[in-house]
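One chain comes next, on its own, written out as structure tokens in the form predicted alone.
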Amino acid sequence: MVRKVVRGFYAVAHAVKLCRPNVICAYPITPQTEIVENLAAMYANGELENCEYITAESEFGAASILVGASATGARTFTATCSQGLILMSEVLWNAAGMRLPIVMVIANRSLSAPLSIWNDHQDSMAMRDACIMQVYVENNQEAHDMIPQAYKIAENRDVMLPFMVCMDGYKLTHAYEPVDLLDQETVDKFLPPYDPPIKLTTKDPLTFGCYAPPHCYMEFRVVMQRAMERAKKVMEDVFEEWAGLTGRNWGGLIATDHMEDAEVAVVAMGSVVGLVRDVVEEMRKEGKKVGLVKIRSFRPFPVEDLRKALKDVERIVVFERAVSFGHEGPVAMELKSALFGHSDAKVYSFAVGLGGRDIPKQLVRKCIEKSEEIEPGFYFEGVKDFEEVIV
């Protein structure tokens, strides 16, 4: 491994190259464009062996091409975000139902309207019911490390589902960080060639994604649910193997800090975790019993891990980067469901940083302290005075 200061999109592209994909297909959209631009340059320079790089006419087209390629046994990759992900969505539901282990990076970006190119999690959250695995990374080293792990998890015969590596647009994709770049020998040792259990071939014709009448449709959904449930154990095993191989342990489905004696737990995902961790550390130095729970895997949702981590806390403060309109933040919704009957903790859901709005350290602290005084519920924080808002 070699440590270099690189931007997030290069860290991702380098890791993808080392995973030896057979087909890369993408359509450019800010802020993921430079991920596939770097891969295109690698392809043009002959660095991608046994690989076809295809520029599609749209994200819908890119996903469709990868469905066909994956069904024939190819290891595939794409990257997208925001409106591009929504345009892909019809095809990605098909990819999940056809059990195709397509790996994609989502450079999280707000959805229109109004138009925004900045970061929140509304795009990937809109896909949470599609039977696609979702892992949210905190920094560019974790994003780099997740690519080989994503392939190994997705291609496991007990799983065989698409995988989203979600990294915050701009906050990570365009940020320079020192990254320990993997080498080909390490990745080859960890990630075997893709060997699909079944694939399309002229020698043994099959049908993928065919018509399913009512007498058999539900059974497909049952096996998809079971595959997602099995993915939890596969993820844990792969994460542990990676830690042993590289010495970098990012945790399991969740990661925790100072939860042994915590009375207040702060729950977050993505790049905001680093900021929240700093605030938690400061508050602990002041004698406050605050802990951090970083959710890494949003799908499959880490129900058992969260019950264990949060069983003794009095309050839970959730930082949301998306909204399930008409209800509350999606992370708090899932968390409350997981803890029902297992915890009496009060849950406070704070939507922050939507549309890329800055999240100052003082705002994080304010939300944690505010939970002592207000009723549990869902709140927008960092919003202008009501009189200034167009309603």
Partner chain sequence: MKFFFSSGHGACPGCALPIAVKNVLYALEGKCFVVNPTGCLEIISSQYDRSAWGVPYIHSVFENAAAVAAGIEAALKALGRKDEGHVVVFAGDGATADIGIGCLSGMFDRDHDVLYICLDNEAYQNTGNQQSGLTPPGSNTTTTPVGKLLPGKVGKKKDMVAFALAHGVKYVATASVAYPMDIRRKAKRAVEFEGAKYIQIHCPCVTGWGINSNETVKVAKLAVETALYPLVEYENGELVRVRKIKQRKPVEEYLKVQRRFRHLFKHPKGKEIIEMLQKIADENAKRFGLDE
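Everything numeric in this text was worked out from a predicted model, so none of it was measured. Numbering follows the first chain given and starts at 1.
Quick note: we don't show the form predicted together with the partner chain, though the next part is all about it.
Judged by heavy atoms within 4.5 Å of the partner chain in the model of the complex, the contact stretch among the candidates 123-131, 307-315, 203-211, 285-293 is 203-211. Residue contact check for Arg221: none of its heavy atoms lie within 4.5 Å of the partner chain in the model of the complex. Interface membership of Gly73, defined by any non-hydrogen atom within 4.5 Å of the partner chain in the model of the complex, is confirmed. Although the partner is absent from this view, Asp358 stays clear of the partner chain in the model of the complex, with no non-hydrogen atom inside 4.5 angstroms. The partner chain is not shown here, but in the model of the complex it comes within 4.5 Å of a heavy atom of Asn50. In summary, among the residues Ile65, Ala338, Leu354, Val323, the only one with a non-hydrogen atom within 4.5 Å of the partner chain in the model of the complex is Ile65. Just one of Met333, Ala69, Ile29, Ala40 comes within 4.5 Å of the partner chain in the model of the complex, counting any heavy atom, and that one is Ala69. Residues are counted as partner-facing when one of their heavy atoms sits within 4.5 Å of the partner chain in the model of the complex; in 95-119 only Met98 qualifies.
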